[in-house]
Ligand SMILES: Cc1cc2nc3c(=O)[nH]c(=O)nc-3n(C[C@H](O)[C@H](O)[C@H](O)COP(=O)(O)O)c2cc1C
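Listed next as structure tokens is one chain, alone, in the form predicted on its own.
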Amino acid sequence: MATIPTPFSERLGIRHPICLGPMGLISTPPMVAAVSNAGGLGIMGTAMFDSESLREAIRETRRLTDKPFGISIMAAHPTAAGHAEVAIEERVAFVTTSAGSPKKLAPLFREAGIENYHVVPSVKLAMKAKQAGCTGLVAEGSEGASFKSPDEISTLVLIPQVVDATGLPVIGAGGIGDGRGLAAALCLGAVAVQMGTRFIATHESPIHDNYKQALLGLAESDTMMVGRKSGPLRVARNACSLEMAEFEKSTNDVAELRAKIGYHRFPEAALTGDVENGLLVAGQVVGMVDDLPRVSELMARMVAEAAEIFDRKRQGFAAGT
């Protein structure tokens, strides 16, 4: 099996420099373990947990895999301090922080010897994360699903600028779904990639099959941003998102907007399979998603494709190949 070792994969002790994006209702212990068992780094979404349920989720993941995995913590969330304490006590291998300043959390992880990468959408925020003491960064472009920066900086331009400005190891995220994306991110200076949408569309993904089938039918132009006034969120275009977009035109009251636009309707699609009236979170890479492979199959073919690209590069990209 092909491998593409990077400083990140070697430091974490994983086979492939591919990470699971931490997604609520999706990046659960079985899904995290599936990615880690396949040689990548599973990262668990934790927003739905209190401290003790997070501890149990970590221990459940350890029952499913003996490979490294990580968790994600929303830095501004009321549970952040408790989650950080649990992560340190349970000695998780890796923590990403997002949605807030890592200033209070980064020193705790650094002292505990735990890798801590902060998710950033711009060079300015990347520099702040470096100053806070994070050991690395996740540079996430606007192509990706879920919450996004209003600046909407693309992955292609974000990764190299964050790499150059900070000198820290960088994971590239947003718009990556195959070996070409993996190769491109590594060529831009990233040490690994993180994927969300592409992992949703896999056999092991713990969401309703209607959701997965809906992703197979979407084009790259079938996503949109809702909540631009209250917190941009990239989702698929359907009755739910169009309703949210229409409501946004009616008010500038942020509290009203947040009450109507957000993840509260995601379970309708993810758990019950109502892909028209529920929120269908998806990134622009969805236009490349045309099958539902097993996690191990997806990762193996991505790495094989990227390795072939690098082999061709070494051979000078001979004409006609």
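All residue numbers refer to positions in the sequence shown, first residue = 1. Because the structure is a prediction, the values reported are computed rather than measured.
Beyond what is shown, the protein has a form predicted together with the named molecule; the following relates to that form.
Just one of 161, 98, 149, 135 has a heavy atom within 4.5 Å of the named molecule in the predicted complex. Which one?
Only one listed residue qualifies here, and that residue is 98.
Please pick, from 179, 175, 121, 227, the one residue with any non-hydrogen atom lying within 4.5 angstroms of the named molecule in the predicted complex.
The residue in contact is 175.
Do all of 28, 71 and 94 end up near the named molecule in the predicted complex, with near meaning a heavy atom within 4.5 Å?
No, none of the three is in contact.
Verify the contact flag for residue 285: yes if a non-hydrogen atom of it lies within 4.5 Å of a non-hydrogen atom of the named molecule in the predicted complex, no if not.
Result yes; residue 285 sits at the interface with the named molecule in the predicted complex.
Quick one: does residue 23 come within 4.5 Å of the named molecule in the predicted complex, counting heavy atoms only?
Yes - in the predicted complex, heavy atoms of residue 23 and the named molecule come within 4.5 Å of each other.
Wondering, does residue 281 line up within 4.5 Å of the named molecule in the predicted complex on heavy atoms?
Within the cut-off, so yes.
Does any part of residue 195 reach within 4.5 Å of the named molecule in the predicted complex? Heavy atoms only, please.
Residue-level check for residue 195: yes, a contact with the named molecule.
Please determine, with the chain shown alone, which of 141-149, 245-253, 109-117, 127-135 has non-hydrogen atoms within 4.5 Å of the named molecule in the predicted complex.
Heavy atoms within 4.5 Å of the named molecule in the predicted complex occur in 141-149.
Suppose contact means any heavy atom within 4.5 Å; which members of 254-270 contact the named molecule in the predicted complex?
Those in contact are 263, 266.
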